[in-house]
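Just one chain is shown here, as structure tokens, and it is the form predicted alone.
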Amino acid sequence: MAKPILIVGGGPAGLAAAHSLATFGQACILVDKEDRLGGAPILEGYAKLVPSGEWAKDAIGGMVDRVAEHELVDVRKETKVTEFSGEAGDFTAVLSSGDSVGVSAAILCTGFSHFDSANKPEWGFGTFPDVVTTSQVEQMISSGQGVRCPSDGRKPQRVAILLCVGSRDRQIGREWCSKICCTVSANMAMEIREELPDCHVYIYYMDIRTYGLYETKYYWKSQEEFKVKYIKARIAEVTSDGEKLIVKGEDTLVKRPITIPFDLVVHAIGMDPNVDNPDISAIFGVDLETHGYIDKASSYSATGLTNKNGVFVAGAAIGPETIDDSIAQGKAAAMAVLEQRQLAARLVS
């Protein structure tokens, strides 16, 4: 019987990889450092997912259940890989629990870290309680409490969503687009308007990147059906007059300064490389690309290859990614592992 496959990370990509392998009769060991599987959608309390509209607790929760209940998946929560040695087909992984396991390959599905808005202090996060992140608003919605101002629990009458917080910003070393923020923010704006029809929602943007088929469903729908207002602007600062939050900046279409009061200001936070990536790189012997994500090889021969033979990668570990694409990459990486093993068996025979 072939050795199990090691999967590191129990988010959407890791869950998809584990389920695919188990479906094909391949045993695997799923390691996650947290006490729950599901990755950011579960740990961060995401609400309705883009583009399916399903609640994260149902969609990703269902993936968790399918994997956790499968007899061929050995789930190790609150566990990290501390050492990894050997070669493709014959690796040894040492776990933080003190165990050593023999595996034939590894798939890194280690995900990302949310940008810390404290790195943009001029935009009010950490100074004013009613300046929050998209993750916090997701939690408000998914908990059932509804969108409220944290300072006093009131329903906001005017909300600003500031895009590209921790993305496309050379001054703070975040040059990349986080890919999903525009679409998620448009969706969030519609959710706020649906819950609070008297609330005015503004989205401040540099450019709108609701790519592919998302343009109609989110960008245009949010404007035409939900009356969300879009302002192309350069934000200078977020302050307070004692009662309202004040967003100051320049309207870059008409080239004039704008100052608008709000009850709630939302930072659309970007996706950073996993803070553990330097350690992951050293332990597994995989390269990191310029920005600190795990570097992947060309996809023309197989999906999810790294520079280390027998070690694969999938999902947001390689860069900002959607949940749907992370799931697809997890499945593809699983198939690439099986393909590589089958090829090696043929060469031996």
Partner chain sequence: MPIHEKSLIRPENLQVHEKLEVEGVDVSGHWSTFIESRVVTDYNEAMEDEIAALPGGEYIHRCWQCGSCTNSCTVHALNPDFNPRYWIYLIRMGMESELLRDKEIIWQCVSCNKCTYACPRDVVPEGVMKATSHWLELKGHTPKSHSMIFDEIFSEQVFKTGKIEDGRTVRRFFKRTGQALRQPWLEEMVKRLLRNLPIGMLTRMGMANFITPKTKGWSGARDAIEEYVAEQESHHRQALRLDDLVEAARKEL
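Residue numbers count along the first chain shown, from 1. Every value quoted in this text rests on a predicted model; they were computed, and no experiment measured them.
The same protein also has a form predicted together with its partner chain, omitted here; what follows describes it.
message: Only one of these stretches, 104 to 112, 184 to 192, 215 to 223, 117 to 125, has heavy atoms within 4.5 Å of its partner chain in the predicted bound form; which one is it?
response: The contacting stretch is 215 to 223.
- prompt: Which one, L196, I260, C149, V75, lies within 4.5 Å of its partner chain in the predicted bound form by heavy atoms?
  reply: Contact check passes for I260.
F84 within 4.5 Å of its partner chain in the predicted bound form, heavy atoms: Residue-level check for F84: no, no contact with its partner chain.
message: I'd like to know if V165 sits close to its partner chain in the predicted bound form, meaning any non-hydrogen atom pair within 4.5 angstroms.
response: Close contact is absent here: in the predicted bound form, V165 is far from its partner chain, nothing within 4.5 Å, heavy atoms only.
message: Is F91 near its partner chain? Define near as a heavy atom within 4.5 Å, in the predicted bound form.
response: So F91 does not count as contacting its partner chain.
message: Since only the chain is shown here, I'm wondering whether W176 would be in contact with its partner chain in the predicted bound form (any heavy atom pair within 4.5 Å).
response: So W176 does not count as contacting its partner chain.
message: Is it the case in the predicted bound form that Y46, D58 and I141 each bring at least one heavy atom within 4.5 Å of its partner chain?
response: Negative, none of the three is within 4.5 Å.
Contacts with its partner chain in the predicted bound form, stretch 234 to 257 (heavy atom within 4.5 Å): Stretch hits, in order: E250, D251, L253, V254, K255, R256, P257.
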